[in-house]
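Below you will find one chain, with nothing else, as structure tokens; this is the form predicted alone, and questions on how it binds or moves follow later.
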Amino acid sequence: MNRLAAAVWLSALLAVDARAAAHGVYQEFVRKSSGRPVDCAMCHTHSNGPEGTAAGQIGGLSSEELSRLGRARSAFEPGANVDSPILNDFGDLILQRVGKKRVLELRSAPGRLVEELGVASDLDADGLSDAREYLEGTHPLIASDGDPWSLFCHSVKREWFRLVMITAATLITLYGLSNLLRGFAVRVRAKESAEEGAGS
């Protein structure tokens, strides 16, 4: 009975918010601005979005998850602790930073979400801010998904000490090997000279 009551409560909430909840304008903006094929998985736990009965979709949620969804949907102002069962970490971050009210307002100007998010957060720690990844159509939760040159520069910057140590170790090894080979060559020549001297 609890699950039925929660489902009825959620249905009423969705009915009131049905038009406002359609955030396809953000996905369309990202597709146009980046030229990349972007699906709902940029913000949602399911690549087909929240509607349906699969895991991570509204029809497949448990009563506890429905309760979490209700709390997330009431995060109208920024700063709320959001843990939505239909949103991934990036989707939760948007609600935490911007608030649902502002997300709904920005549907007429989805590019402004970049400014609202700012450049401080980088959920996948790849050196590209989440706002930039949104704008460029790369996934903010997948460290290997991003502008290749920027990812390379970030990796070099992050791993510079290791790269210096590997380079130094390689050069020392090559120097040691060349001296070792030179030493062998000297011994071989000395042995050949000694054998020639003994044969004369």
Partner chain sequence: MKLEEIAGRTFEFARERFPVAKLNAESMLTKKVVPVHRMSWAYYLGGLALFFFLVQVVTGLMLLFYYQPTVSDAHASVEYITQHVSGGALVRNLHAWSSSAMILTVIVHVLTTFAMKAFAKPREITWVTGVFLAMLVFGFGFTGYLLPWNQIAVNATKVGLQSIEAVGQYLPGEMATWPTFVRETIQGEAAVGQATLSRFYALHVILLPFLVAGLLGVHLFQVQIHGMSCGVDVERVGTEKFFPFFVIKDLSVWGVAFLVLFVLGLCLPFESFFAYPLMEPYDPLGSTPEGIKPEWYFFFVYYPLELLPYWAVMLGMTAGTLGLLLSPWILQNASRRTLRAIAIAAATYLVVITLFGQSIYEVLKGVSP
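Remember, it's a predicted structure, so these values are computed and weren't measured experimentally. Positions refer to the first chain, counted from 1.
Omitted here: the form predicted in complex with its partner chain. The next part is about that form.
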Contact of residue 41 with its partner chain in the predicted bound form (heavy atom, 4.5 Å): yes
4.5 Å heavy atom contact, residue 48 and its partner chain in the predicted bound form: yes
Contact of residue 177 with its partner chain in the predicted bound form (heavy atom, 4.5 Å): yes
Interface membership of residue 59, its partner chain in the predicted bound form, 4.5 Å heavy atom rule: no
In the predicted bound form, residues of 170 to 187 near its partner chain [heavy atom within 4.5 Å]: 170, 174, 177, 178, 181, 182, 184, 185
